[in-house]
Each structure stands twice: as structure tokens, then as C-alpha cells.
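Just one chain is shown here, as C-alpha cells, and it is the form predicted alone.
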């Protein structure tokens, strides 16, 4: 699959992030914000993922795909707590190497498989999985509709997909929309809304949960913990990059408070 220069650069940045996020200071920040220590890159909190597990009716032997799995959060956590068979898919591969080592250390009861693959071209046959999950992945990907279509192809009939995503709020002024796109993750903008994308790709919406309160709480905690870890972060990143990180924290809090960036949890059923 042909990748743009921007996509190649983004994957390289994620590869660096997965390695860096295993450093003690980064794990402290993840623990304070999300309640876990996988070296992940999403905003998914432990409480949120526990809720996902309940909605997914987890059970041993269930075949779960974690798309954009990174270093294993939350897929490995879900597998450890349920005994389900877990497949981790992501690009770049750096996070998957970390996830495989974590899975071995955790001694998962279910079957683990790992694949470095693009979400727009999954290397699996039709109806392979019982359920799919991903956390703040679609907002970082181009070709969102193609990813949703691949997920629909590879999930069993009436199978579930439960995922969180950051999006640009609808009906904004040009100035606010531009600000939301600038503040949000790469590829946060989409030409059509997620509801329409779901319909086009064969998904039925079961439930949509507003995560804005938790998103604001997490972003605020992130800023506070970044400040508390100033010495370590400035040494790791450099003083200038550290200050830029704080400014990004403040910009995100402002965007959430103003409601120009959203974060929601979608529970879908294959139609």
C-alpha cells in the first residue's frame, strides 16, 4: 500500500513514542492519567476499558481484534481479565514487539497473535473475529471509511466493535474548526460524520457514550503531572520541546472546554 510522506513520518514518530514511553517518567505519567503502565499512546483509562469489557460480554475463547494495538493497551488487559484469544494489529511494529514481551510476562491464558498490518488492508479472512476494539485510533488514520469497512469484513455477523475516537465537533465556525484540527491528533478531521461512515460500511449503532468529562479530567491531569515531572521531562525532551509539550497540554484543555474537540465511545453491531 502506497503511503504518503506524512504517513511515513507519523509512523516513525509512533515508533519512537513506543520506545520512549517505557521510560520511568513516561510510565509514571501514564499511570497517573490512565491508571495503567503499558507504555500506550491513547487516552483510554482503566475505568473506561473495564466498561468496554462489560459491553463486549467478554469470555474465554472469544476472538478479539485490537486494532492499532501499539504496546498492548488495552488489548492485553482485556485478554488477561477475560481469557479471550487476542490478535494485536498495528503499524509500525515497534509497539508490537513491546506488546509481545508484555504478553509473555503476563502469561495470558488465551491465544495471542500479532501482525504488523495496515487497518485498510487487514491480512485476515472474512468473519474471523467475534469482536473488535480500538482506542483513539481512527482519529490518527487517513482512510477512516476503508478501515471501518475492513473491520466489518473481518467481524462475524452481529459481532460488536467498541472503540473511542476523538473528533472535530460539528457545526463550527471556520476559525474554530481550523483550531480543532490544529489541536487534535493527525487526521482528526473527516469529510463526513462518523454516523454516516458507520451506515456506509455496514455498522449499526448500538450506543454512543459521551466521554467529554473524562477527557477533560485526563487532559487536566496530564498537564499537572507534566509540570510535576518537569526536571525529568526537560532532561528527556530538551527545555524547548518540554515547553512546547506544556503548551499542547493547555491548548487541548482549551479545545475540550470550548467543545470544539470531542471524544466519544461507540458501540456498534455488524449489520
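Positions refer to the first chain, counted from 1. Predicted, not measured: the structure shown is a model, and the values here were computed from it.
The discussion below concerns the form predicted together with a small molecule, not included here.
Note on the partner interface in the predicted complex: the residue among 86, 148, 99, 137 having a heavy atom within 4.5 angstroms of the small molecule is 137. Listed residues 42, 62, 214, 229 were compared with the small molecule in the predicted complex; 42 is the one with a heavy atom within 4.5 Å. Contact with the small molecule in the predicted complex, judged as any non-hydrogen atom within 4.5 angstroms, is confined among 69-77, 170-178, 196-204, 151-159 to 69-77. When the small molecule is considered in the predicted complex, residue 118 lines it closely, a heavy atom lying within 4.5 Å. Within this chain, residue 165 is remote from the site of the small molecule in the predicted complex, having no heavy atom within 4.5 Å. Contact between residue 110 and the small molecule in the predicted complex is not found at the 4.5 Å heavy atom cutoff. Although the partner is absent here, residue 184 is not a contact residue: none of its heavy atoms lies within 4.5 angstroms of the small molecule in the predicted complex.
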